[in-house]
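Next up is one chain by itself, shown in structure tokens, the form predicted alone.
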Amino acid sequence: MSKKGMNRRQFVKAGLMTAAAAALGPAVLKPTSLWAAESKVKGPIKLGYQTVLSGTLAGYGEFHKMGAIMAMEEINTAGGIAGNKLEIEFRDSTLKAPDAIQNARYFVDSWGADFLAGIDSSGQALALAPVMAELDRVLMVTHAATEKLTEEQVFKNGVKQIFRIVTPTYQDGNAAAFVAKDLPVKTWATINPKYEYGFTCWNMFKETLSALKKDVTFTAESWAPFGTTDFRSHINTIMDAKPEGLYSVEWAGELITMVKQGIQAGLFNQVKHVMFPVGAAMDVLEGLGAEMPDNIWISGRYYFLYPNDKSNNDWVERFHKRWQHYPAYVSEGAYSTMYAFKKAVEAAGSKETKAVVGALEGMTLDSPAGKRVFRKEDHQAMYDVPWGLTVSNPKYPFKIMGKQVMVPAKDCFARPPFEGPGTKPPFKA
């Protein structure tokens, strides 16, 4: 290329690359000077991705990989990131904090990763925060939901290297309460995971629902340790309490097991109003198939039939053709993460951490889940996910959402500065 400009072949090549990128993935903002960015950014762009790839929750990790690999293939086919190839290495996180830390150090110190992504466990995410500040690499969290990660570690402690592309516990706790306030239910009970995520979501649900509906009570709590395979005692505790509503953030294989054992015990005949905040996860929908009861309230970090627009529908079709599965919410999160890094690197003209952080803060990303905006204050991506009632549909071998309710993220997420009066739901208009 001459200093004065491009020749005809280079111009045509650049046009084809731009067209391919637009056709394949989320809308990507090209940097002001693409060729200048290419001269600065030296590849390959290396991303270390860790997720649970062993044990009863390994299916989640496989769905992560499907989304990440699909995005990598599309990006590289369309010319890469600022003209450089994207490479991804996967490691098993095992859900243990020491393993997550070891993986992060391996990715950066041994493999030379430019960026990190993944993480399923809230405990792992919190443990990694100070490590990411030390390693000085951007970590995009694609699953772990604790609000403490963004509000305490990013906003209060100033760990600028962490971003989250998926919804936090507010979707599972506060949004669930906004839906529950309109149900004819005055008594609620829970079967929940016996760790940070379960405790946080249940407390959030109770506090918000109590403020929205004054005559509601909470009658029973049953806490299932991680790895529970026999939920019968927990189910009996709930049935003995005779609540009108059941709330549970059990997820993945444990939710599947709980539902199957609940059906056997007659739980869903007795309790008519049930909420599963992560019940819309594809591994749960596919795992239960027709066994999932009708009229269960479900949600997730992303639902494959929302938004019902060309961008999402085309992506779901491509994903299904590529993997013979419909996308899980972790698939969409992993997929969109790759495009978020692509957009940030090309906008910054650099893959250096400080420059990429600056590009990501306040960035808008068009993705299969809809328009995402990364809040500058705490690096949390803001976007909307529906709640819906399960129903059979002959087009799918599993239950999908029938009636849907949308609680916008702006209405149920905490707002900056995340402390003081009026910063927690329910918000006053």
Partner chain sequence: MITNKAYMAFGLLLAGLVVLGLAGDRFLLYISMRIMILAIFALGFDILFGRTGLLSFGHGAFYAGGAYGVALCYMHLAKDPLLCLLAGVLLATGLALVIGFFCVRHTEIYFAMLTLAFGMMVFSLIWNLREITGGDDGLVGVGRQAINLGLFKIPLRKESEFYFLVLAFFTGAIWVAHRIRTSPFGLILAGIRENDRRTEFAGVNIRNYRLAAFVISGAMAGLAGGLGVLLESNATPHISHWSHSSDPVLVGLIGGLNTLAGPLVGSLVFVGLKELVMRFTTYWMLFFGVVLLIILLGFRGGVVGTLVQRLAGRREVRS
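Since this is a predicted model, take the numbers as computed values, not measurements. Residue numbers count along the first chain shown, from 1.
There is another form of the same protein, the form predicted in complex with the partner chain; it is not shown, and what comes next is about it.
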Residue-level question: is R105 within 4.5 Å of the partner chain in the predicted bound form, judged on heavy atoms? yes
Would N308 count as touching the partner chain in the predicted bound form under a 4.5 Å heavy atom rule? no
Do E62 and the partner chain come within 4.5 Å of each other in the predicted bound form, heavy atoms counted? yes
Decide whether H273 counts as a contact residue for the partner chain in the predicted bound form under a heavy atom distance cut-off of 4.5 Å. no
Answer yes or no: in the predicted bound form, does the partner chain come within 4.5 Å of a heavy atom in every one of L53, R91 and F226? yes
One stretch from 162-170, 346-354, 123-131, 74-82 that, in the predicted bound form, holds residues within 4.5 Å of the partner chain by heavy atom: 123-131
Listed residue (D99, E254, E207, E286) with a non-hydrogen atom within 4.5 angstroms of the partner chain in the predicted bound form: D99
Just to be sure I understand the contacts: of L267, L183, L135, A241, which is the one whose heavy atoms reach within 4.5 angstroms of the partner chain in the predicted bound form? L135
Within 4.5 Å of the partner chain in the predicted bound form, which residues of 195-226 have a heavy atom? Give them in sequence order, or say none. Y195, E196, F199, F226
